[in-house]
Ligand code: ATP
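Let's start with one chain on its own, the form predicted on its own, as structure tokens.
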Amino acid sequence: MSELKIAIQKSGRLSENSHRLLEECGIKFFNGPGVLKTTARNFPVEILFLRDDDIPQYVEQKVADIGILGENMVYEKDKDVRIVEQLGFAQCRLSLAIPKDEVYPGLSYFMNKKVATSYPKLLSDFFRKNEIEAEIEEISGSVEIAPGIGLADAICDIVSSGSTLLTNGLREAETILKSQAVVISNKNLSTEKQDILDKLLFRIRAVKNAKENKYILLNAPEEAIPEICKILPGMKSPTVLPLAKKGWCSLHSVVKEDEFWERINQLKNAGAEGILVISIEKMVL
């Protein structure tokens, strides 16, 4: 049986999350210091540890069948690959930043300015779309220092919290692209490898669904059940079980992570008591 070759970042902000995702999918593999290639013990995949900016090219050339990396790098490298799944972690944005004391009138600020970046294609496309004539200074690493040493007037770089910009006397001016970790694939996988990928995506989606939802258990009087069922529809409807105490029931349901605080207040107002909110390890829809 052939193996699906997965390329992930060997170090950097996506590396740890990619490792964790594969482990949460039940895939067991060895990754010691200096290891650049390993084979899973319990799933037909081979894992390659690469530089993130090399992954799109290797997937296009079938050195790897799929890869895990940031959307920003997929669009910057512009290789002939397809995005097959958004993963929800490593969320960030590609932004233009200027010295914090500068007045920012809008995109016209960048006219005839020099902008340092590690993403020349994305920045060039953005300026062209907005009819901005600017000089792009391509550099790799430590982009934030460029204005401070006179190399550029502004920068375009990946931003998460913005603290690194503030530390270097900069502030965000425009967002070019919002990004997250994604799975990319070669467009011409064999039937056998596509089948393995489908099985992997099934596991990944179960892990994602679990992270995006919470399991809720509560007790409530019988007369409150109709109202509570409206608040907690669950995947179809809540599970309702009778308690030993006459006139009371236990309800079990699932609610979205970003909704559950609001739902809990609604439940309490409807008469729910003893509310438990539990993390879900896997969730298959």
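Since the structure is predicted, the reported quantities are computational estimates derived from the model, not experimental observations. Note that residue numbering follows the sequence shown and begins at 1.
Note that the form predicted in complex with this ligand isn't included here; everything after this is about it.
When contacts are judged by a 4.5 Å heavy atom cut-off, Gln91 counts as touching this ligand in the model of the complex.
In the model of the complex, this ligand lies within 4.5 Å of some heavy atom of Ser11. Shown alone here, Glu46 lies farther than 4.5 Å from this ligand in the model of the complex, counting heavy atoms only.
In the model of the complex, Asn188 stays away from this ligand, with no heavy atom inside 4.5 Å. Considering this ligand in the model of the complex, the lone stretch of 126 to 134, 147 to 155, 69 to 77, 108 to 116 in range is 69 to 77 [heavy atom distance within 4.5 Å].
This chain lacks the partner; the member of Glu227, Asp53, Glu222, Glu257 within 4.5 angstroms of this ligand in the model of the complex by a non-hydrogen atom is Asp53. Although this ligand is not shown here, in the model of the complex the stretch 152 to 181 places heavy atoms of Ile158, Ser160, Ser179 within 4.5 Å of it, in sequence order.
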